[in-house]
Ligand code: F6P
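Heads up, the chain below is alone and in the form predicted on its own; it's given as structure tokens.
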């Protein structure tokens, strides 16, 4: 029997509660462990702010979005004596191992803690689907469906008003969400971080549609997409605790530029945090559940310094180093498929 700490870090994500529930149910009912949850990610570990996790605490949360533990973008290694404070907190609470649920930043902290001798098993979480080592992360499919539903609705208003509508979706380094929802929603242009775009080429594609009698267009753009001639367009300044620039607002620039260059009435919609909220799809509930069960099994077996991952249809374990080596960028073949339907 062990005392295991659980935390959720970074942005919230559909399916987080499914993971927490699975860790608790398998950990207590099968392995006899004691589970404790840290509030608000690594901030809770630093502060020693925790709560007991048992069957009652996790009852009825499978379908709920967000995370019952709360989350933050706190980086312990940016805090004074951060490592020592984490170690002291775990020792004071009698925590034998940690299961952090998060993306590259959260798991990057976990990797450094593993190097310091703390037993950790990571669970990959990001709606961007850009973590290496796993085919899919939970939350991605829900985010894609939310964006696709929005595009379906925007099609009708674009057609009614003969407009170009620019839809901005999440995706800092990778265009997985943009490519998937662009294909599923029948977008006419998709712009992704992996392929810097030529704005004049985008406008010419929209002009060709008009010449062929297509009086409206949908442009899907990932927040991290960049024009060939410059850096990412964003309306925000500053960086977070992990040094990431705050993105968002490229659709505002595209709306103005497209209308000025083509004369077509253009509007934009930024989906933003809508993509991360609400009820997870069945796929993400199941994947999160499988990840949680595998993570607590790995801790039980002492297979630490690892991350659970989806490979094909199997849930496996991979080294944290493999997961953090570099972002998993959009498959070029997938984008080539999407391109068939552009314009």
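Quantities reported herein were computed from a predicted structural model and do not represent experimental measurements. Residue numbers count along the first chain shown, from 1.
In what follows, reference is made to the form predicted in complex with the ligand, a form of this protein that is not presented.
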**Message:** Within 4.5 angstroms, counting heavy atoms, which one of the listed stretches 166 to 174, 81 to 89, 109 to 117, 195 to 203 is next to the ligand in the model of the complex?
**Reply:** 166 to 174
**Prompt:** Given that the ligand is left out here, which of 161, 214, 153, 273 has a heavy atom within 4.5 Å of it in the model of the complex?
**Reply:** 273
**Request:** Would you please decide whether residue 73 lies within 4.5 angstroms of the ligand in the model of the complex, comparing each non-hydrogen atom pair?
**Result:** yes
**Message:** So in the model of the complex, is the ligand close enough to residue 137 to count as touching (4.5 Å, heavy atoms)?
**Reply:** no
**Message:** Is residue 11 near the ligand? Define near as a heavy atom within 4.5 Å, in the model of the complex.
**Reply:** yes
**Message:** in the model of the complex, is there a heavy atom of the ligand that lies within 4.5 Å of any heavy atom of residue 223, even though the partner is absent here?
**Reply:** yes
**Message:** Going through 79 to 107, which residues have a heavy atom within 4.5 Å of the ligand in the model of the complex? Please give them in sequence order.
**Reply:** none
